[in-house]
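Single chain ahead, written as structure tokens, the form predicted alone.
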Amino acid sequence: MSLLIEASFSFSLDQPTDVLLQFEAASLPEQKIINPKTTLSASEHCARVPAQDDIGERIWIRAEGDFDVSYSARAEVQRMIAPLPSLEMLAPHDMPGEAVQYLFDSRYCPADQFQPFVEAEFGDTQGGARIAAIRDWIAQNLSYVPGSSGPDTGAVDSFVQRQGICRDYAHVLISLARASTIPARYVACYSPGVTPPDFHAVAEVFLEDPNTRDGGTWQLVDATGMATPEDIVKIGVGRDAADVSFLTSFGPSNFRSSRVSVVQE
């Protein structure tokens, strides 16, 4: 699938401030990025650094005053996808180091608090079948309500309030997966099916690779139902939203505007 991506956002800084940006589509074997173009306002300092798990890059800037960002690229997605319910889970002692870190609690995903719930609600399932059941439960029990959550909203808040936006859906799914001893991570991404158009978030779970003996595979899961693995373009991954924000300011900042367009060619 070929997708045309255009994104822009702006913010202001009252004093010289360090800001970490992550908004560019990652160049990966499963997604080819063609003719990427990034335009940034002038800054005192600008440097690129590898992002989490070496998926994508982050950009450090140090600037003051109004700052504008624009980005465009074409992405060709060719991702191998297996039927989720058919995938088995790996025993913890068989998991590689890259996956183990995604079993632990994180800022927005206190998985240990959900262990009694997953056993009571999903105890008759395992592996990919459990993830599919979790995805369906979230879709049926949470309402997508723009503006219903803020930067401090975590998975417990969303679970109790039964509402949220894409980041909240992802946090709940990640928490329930980790509570089931299935590694899960947060994925910042672009997708053409997002309504209203914006930066999107989904989950990714680590399950047995049916094509490789004793191997594992990351599988994308979107409980909002707005994106499918075939049309997701990854920006970056992390333990939760705190690791993959498109803008992290290490000082006071004022967010002004943003615009995202993803169109299937």
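Residue numbers run from 1 along the displayed sequence. As the structure is a computational prediction, the values presented were derived from the model and not from experiment.
Below, we refer to the form predicted in complex with a further copy of the same chain, which is not included among the displayed structures.
Exactly one of the stretches 188 to 196, 71 to 79, 127 to 135, 101 to 109 approaches a further copy of the same chain in the predicted complex with heavy atoms within 4.5 Å, and it is 101 to 109.
Comment: a further copy of the same chain is not present in this chain, but in the predicted complex one of 92, 83, 146, 123 has a heavy atom within 4.5 Å of it, namely 92.
Taking the partner from the other structure, a further copy of the same chain in the predicted complex has a heavy atom within 4.5 Å of a heavy atom of residue 251. Using a 4.5 angstroms threshold between heavy atoms, residue 200 stays clear of a further copy of the same chain in the predicted complex. At least one heavy atom of residue 239 is located within 4.5 Å of a further copy of the same chain in the predicted complex.
Of the heavy atoms in residue 139, none are within 4.5 Å of a further copy of the same chain in the predicted complex. Residues 178, 181 are the members of 175 to 191 with a non-hydrogen atom no more than 4.5 angstroms from a further copy of the same chain in the predicted complex.
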